[in-house]
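Listed next as structure tokens is one chain, alone, in the form predicted on its own.
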Amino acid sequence: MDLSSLGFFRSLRKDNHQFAVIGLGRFGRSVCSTLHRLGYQVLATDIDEKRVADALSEKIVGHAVQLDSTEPAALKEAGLFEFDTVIIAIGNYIQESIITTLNVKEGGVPHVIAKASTEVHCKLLKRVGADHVVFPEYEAGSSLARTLTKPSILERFDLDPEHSIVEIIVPDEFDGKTVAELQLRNRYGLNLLAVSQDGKFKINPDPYQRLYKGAAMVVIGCNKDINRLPI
């Protein structure tokens, strides 16, 4: 995660139980269904009446209305400006996305998250006031490329461009060795956070914990050091 995003996420109200999502494409539907499943109240909008009807019939949202989000009056009438957080999920329609973002920010919504489809689109969204921009296609593509080149890395969380937390398959070279014997900090400059055992993770394993191939381990450190692991 970009450290510049920390301020935005810290500003989100922890007691907020209502979200609005503009756009019911694949990304918007995913956001709606997840929030709804977690017990939050979600108002969804889309210019396509069928998408609105489908969202209601499939019960992925509590409320959904058909409207043109490029019209400020329509957003105000639907109560969008009263929400603390609005997600603009119409990234594939760049002009509409930018106008909607501008409308929502000018309407006084404090937290606006927008989906971008290109790097230029991302810059424009930030220019008109988006508080946080997501780039799902880029993130998915980057993740896939890393998986293809490093299949032993099961999960990765980027702390910044140079440091990450990764879950990896225990390398054959580590099989049967204890944490102390591996000396990950001295040999690789990495810290071991957890190892899997009996289907669960053991956090902060003791020095006598043995690792076995086929299991998983979680380490934190510099990317260039992670890449030196025998994986």
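So that there is no doubt, residue numbering starts at 1 and follows the sequence shown. For clarity, every value in this text was computed on a predicted model and none was experimentally measured.
Not pictured, yet referred to below: the form predicted in complex with a small molecule.
Although the partner is absent from the chain shown here, none of Ala20, His36 and Thr85 has a heavy atom within 4.5 Å of the small molecule in the predicted bound form. Although the partner is absent here, Met217 is not a contact residue: none of its heavy atoms lies within 4.5 angstroms of the small molecule in the predicted bound form.
Although the partner is absent from this view, Tyr93 contacts the small molecule in the predicted bound form, with a non-hydrogen atom inside 4.5 angstroms. At the 4.5 Å threshold, heavy atoms of Tyr188 stay clear of the small molecule in the predicted bound form, well away from it. When contacts are judged by a 4.5 Å heavy atom cut-off, Arg26 counts as touching the small molecule in the predicted bound form. Only one segment in the set 152 to 160, 105 to 113, 67 to 75, 122 to 130 has any non-hydrogen atom within 4.5 angstroms of the small molecule in the predicted bound form, and it is 67 to 75. With the partner removed from view, the residue among Val170, Leu192, Ile60, Ile47 that has a non-hydrogen atom within 4.5 Å of the small molecule in the predicted bound form turns out to be Ile47.
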